[in-house]
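Next comes just one chain, in structure tokens: the form predicted alone.
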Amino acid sequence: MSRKAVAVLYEAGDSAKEPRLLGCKENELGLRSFLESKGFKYVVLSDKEKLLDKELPDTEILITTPFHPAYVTAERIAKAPKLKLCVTAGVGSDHIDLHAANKAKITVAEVTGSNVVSVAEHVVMQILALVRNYLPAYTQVIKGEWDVGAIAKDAFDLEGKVVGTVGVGRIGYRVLQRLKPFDCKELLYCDYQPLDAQREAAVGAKRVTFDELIQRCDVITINCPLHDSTRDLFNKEVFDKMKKGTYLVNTARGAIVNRDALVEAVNKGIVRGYAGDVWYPQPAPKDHPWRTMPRHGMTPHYSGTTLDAQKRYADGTKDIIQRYLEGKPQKKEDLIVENGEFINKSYVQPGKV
């Protein structure tokens, strides 16, 4: 009986005619010939529920993505006694119950660094879109309107503003690098560990506490992993402490921001504008209140899945599987859990960021 690998990917329809759109169901991460040559049956699904559950009992390798996440719960892991490797084609493995994976001695790996540039660029784009009030201006043009005052009364320069990042890992640091030329008044960061002095000086950033960051910043960008301590990190209590009129951008994970508390903060003007491309759950239901709240710049989760990034994470997924099949060590930076232990410590930080 052949071995089985299962991938859960979004359906792209006509868009899949673009062959570089590797991350969709139709184009299968470009892995079919490779996996079949290794004796695997390769099953590619978009259904994250019944069809996935049907395939799990004899699945050895499970491939998921952050963009169309299949939630690999403890219950699902219990239904998959042959599961040995979970690969995230992209970055961010919070859709997998990592504690349950450890108990089952399943290796969880992701393609670290594959989309950090893509996401950092998206963050800067959305910061500028909010601060410059771009989206309402664009909407005016589409509607055939012309009211400069209505746009300009809420448009600002980024120069001279205090900007901070929650989390200063591979993405957060690149965001700071890209913001430095804008001559912001200050660039701040909070993280459980400081940057080394050389990297900190290179971007001109200062480390502060989380409370100081939310009280001082004009713009906040969230670039930390989702784990037990960051889930609902931005809740009503935090919004009530924030500087009134702050812009907030979240390309990390939707569940870091409390859904209803954010809507209330936007309506009160505590948050002047919110943007990002991460939701919980994903895909976001049609009645998700972030879709219709005022002054938002939300997009579907695509910041880390540009065509350039897709090539990187498809290649990285193949490399992880190749190493697994050949019994070679995985790249340490790609490992989340292995042999019942957390390798990537960012998923198990104590306390809030």
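Quick note: we count residues from 1 along the sequence shown, nothing fancier. Just so it is clear, the structure is predicted and the values come from calculations on it, not from any experiment.
From this point on, the text means the form predicted in complex with a small molecule, which you will not see here.
The listed set Ile171, Ala109, Val72, Leu248 contains one residue whose heavy atoms approach the small molecule in the model of the complex to within 4.5 Å, identified as Ile171.
Between the small molecule and the residues Val163, Val166, Ala265, Ile127, the one pair within 4.5 Å by heavy atoms in the model of the complex involves Val166.
Proximity of Ser303 to the small molecule in the model of the complex: non-hydrogen atoms within 4.5 Å are present. Using a 4.5 angstroms limit between non-hydrogen atoms, Ala252 touches the small molecule in the model of the complex. The closest heavy atom approach of Gly92 to the small molecule in the model of the complex falls within 4.5 Å. Heavy atoms of Leu187 never reach within 4.5 Å of the small molecule in the model of the complex, leaving it off the interface. Exactly one of the stretches 127 to 135, 146 to 154, 270 to 278, 175 to 183 approaches the small molecule in the model of the complex with heavy atoms within 4.5 Å, and it is 270 to 278.
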